[in-house]
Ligand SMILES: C[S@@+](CC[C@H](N)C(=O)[O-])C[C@H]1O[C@@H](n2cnc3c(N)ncnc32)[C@H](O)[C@@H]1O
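Single chain ahead, by itself, as structure tokens, in the form predicted on its own.
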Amino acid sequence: MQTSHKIIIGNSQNMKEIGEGTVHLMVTSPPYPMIAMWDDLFCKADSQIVELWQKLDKKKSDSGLAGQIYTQMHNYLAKVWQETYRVLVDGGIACINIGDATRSIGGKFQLFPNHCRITEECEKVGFTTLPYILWKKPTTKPQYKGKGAFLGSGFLPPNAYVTLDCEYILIFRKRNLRRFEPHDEARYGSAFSKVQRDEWFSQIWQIKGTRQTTSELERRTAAYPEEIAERLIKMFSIKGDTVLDPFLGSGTTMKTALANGR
């Protein structure tokens, strides 16, 4: 199938280059709020985040400022979810790969549940929340005496922490189901097998993550495995559909769309 593809270097909060109701599927993985690797990116994008970090550095304690930073980061991302809603067709699907964050700030260790906040923001925009997928990743955290990833105080309760070894693939729909003519050729030509259906539409996926150890640039693209993108594209679009990734990264979504006639 002949397809066309475009890379736009612009502002994903204002995707003026994309018409309203012209995209069928969005598959993306944004920068993760409260993960230190992406602090600079958020600071460059939003001066309020810079000011909050400066206040936090001066106080040397949390004082609620960490929560304000977390909220401001998600406010920034929420503008992208709003634009995504605008460009999707009725019945279009948005898939967002996101991980939660754990971090010690001002001497306090805590979880920042990014998947919860993104779900709340997408519902405010108007999206309907659908069942999500848990992507269980082989851990890359340091081992504790060869016994696996561990955060805490040896073998003594109660001050240890559960290791984060799953990320979320959040799934949302714009308005109602997509409608098709009876026996639509592209739709029937995009059918998946029973084996694929049974595996893909289960809630836990065990897929090895993409290694990002070569350079700082590679780490910052935050590439996810092509298999993740391929499954989502085949599950939630048909051949000839338009697929969007507002956080392009290393281009995994675009490459996979090209390979699958989207």
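In this text the structure is predicted, and so the values were computed from the model without any measurement. Residue numbers here begin at 1 and follow the sequence given.
From this point on, the text means the form predicted in complex with the ligand, which you will not see here.
Contact with the ligand in the model of the complex holds for all three of S12, A223 and G249, each having a heavy atom within 4.5 Å. Per the 4.5 Å heavy atom criterion, the ligand in the model of the complex is contacted by stretch 31 to 39, the sole one of 47 to 55, 194 to 202, 65 to 73, 31 to 39.
Annotation for 82 to 119: no interface residues with the ligand in the model of the complex [heavy atom within 4.5 Å].
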